[in-house]
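Given as structure tokens, the chain that follows is alone and in the form predicted alone.
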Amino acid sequence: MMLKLEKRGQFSRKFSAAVTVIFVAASFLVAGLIFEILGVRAVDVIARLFEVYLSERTLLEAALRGLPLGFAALGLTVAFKMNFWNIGAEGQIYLGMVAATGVVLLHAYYGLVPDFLVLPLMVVLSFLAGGLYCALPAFLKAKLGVNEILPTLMLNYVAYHFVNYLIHGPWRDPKGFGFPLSIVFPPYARLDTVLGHTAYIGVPAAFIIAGLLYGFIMYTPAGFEMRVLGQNYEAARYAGVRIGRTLLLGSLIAGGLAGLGGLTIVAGILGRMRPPSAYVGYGYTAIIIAFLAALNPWLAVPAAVFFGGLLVAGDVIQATLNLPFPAIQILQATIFLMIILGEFFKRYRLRVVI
């Protein structure tokens, strides 16, 4: 008698949702056990975490911190559905930040953009910057057969150092006392100028985009081609799918949404551009969110708010329980790990072979 690992066939949405809930709940138990071993009361840590979602103020902050994650995760649902493994949402977020900040600097220093056009132009250019940055590996894949994982991953580091160069060099605020910060964005370049809080406009906008994405993927010819491409590249080729065009369109959308995530960081959370170390990891976390949502755009936004709450809870736990930041990372990393294990369990099972 032996155990054999085999791939599951099709599974229902109810099964997928049940597995996700079970493994997320298990992640809290595992993290709690680790905290107890380290001499920290797990009940206090978990209580602080859930308090974030019960207070209007901290829930709004969770939604705000989750916006970059949500937009990037929405883009990744498109990329992953067509079997394009975009690991570069991090760099695409950075490029969106660069484009948005560039518009502000053109307006502030050269007067090339009128006040009323600053924010709309930031949105458009952030989308294009992130989208084109993602389309480059897609072009290499379509024309040369280059696997997209390594190029998208390495482009993250290019974008990271490019932002560092700009913020420590030509884009540093001359009145910032030498700190690596851009100039403060004017009020009309901030997302919170519309309804007073970025979450009030950002979350509805994310849900609207999620609905449009779902409709695009499920009910348009281009969306159908992306889904076929995700099932099998060779079958898609024989079925007449224009693989190059489909890859470029999907990657443009995926990277563009990540670029909008970068816009929410500089125009919603920070109000200026800072070194990328202040928000590193958003693009990688978005990958986990996309899988937690089972590549469903409708679920990506609530999942992003949940992870935004984890970030807020980390600050609260540090302040109230005097725990170092690595302790908070234990909780977050455990949840990430259990979600990955849950995704593995959905697709594979152990069978007893006699």
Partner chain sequence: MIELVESVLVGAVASGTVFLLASLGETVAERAGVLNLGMEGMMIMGASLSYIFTNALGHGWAITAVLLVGAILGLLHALFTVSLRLNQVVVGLAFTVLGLGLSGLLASNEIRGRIILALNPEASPAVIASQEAAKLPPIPIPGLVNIPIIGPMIFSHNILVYISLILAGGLWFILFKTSFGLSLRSVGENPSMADALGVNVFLIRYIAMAICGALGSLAGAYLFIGYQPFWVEGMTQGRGFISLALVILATWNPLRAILGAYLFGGVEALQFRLQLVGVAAQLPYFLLMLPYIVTIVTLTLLSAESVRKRIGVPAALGVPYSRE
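What we label the rigid core is the largest C-alpha set whose atoms superpose within 1.5 Å from one form to the other. Numbering follows the first chain given and starts at 1. Everything numeric here is computed off the predicted structure, so don't read it as measured data.
There is also a form predicted in complex with the partner chain; it is not shown, and the following applies to it.
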Just to confirm, with a 4.5 Å cut-off on non-hydrogen atoms, which of G230, G223, P151, G271 contacts the partner chain in the predicted bound form? P151
Which of these residues, A108, V146, L195, L117, gets a heavy atom within 4.5 Å of the partner chain in the predicted bound form? V146
Whether L5 contacts the partner chain in the predicted bound form should be assessed with a 4.5 Å heavy atom distance threshold; does it? yes
At 4.5 Å between heavy atoms, is F11 in contact with the partner chain in the predicted bound form? no
Could you tell me if L295 has a non-hydrogen atom within 4.5 Å of the partner chain in the predicted bound form? no
Considering non-hydrogen atoms and a 4.5 Å limit, does the partner chain approach F207 in the predicted bound form? no
Using a 4.5 Å heavy atom cut-off, which stretch among 210-218, 261-269, 157-165, 67-75 contacts the partner chain in the predicted bound form? 157-165
On the criterion of a non-hydrogen atom at 4.5 angstroms or closer, are F35, I330 and F344 all touching the partner chain in the predicted bound form? yes
What are the residues of 75-92, in order along the chain, with a heavy atom within 4.5 Å of the partner chain in the predicted bound form? W85, I87
Superposing on the rigid core, I want to see if V40 changes position between the shown form and the other one - specifically a Cα shift of 2 Å or more. yes
Do you see a C-alpha shift of 2 Å or more at Q329 between the shown form and the other one, with the core held fixed? yes
So the CA-CA distance for F291 and Q332 moves by at least 3 angstroms in the predicted bound form. Closer or farther than here? closer
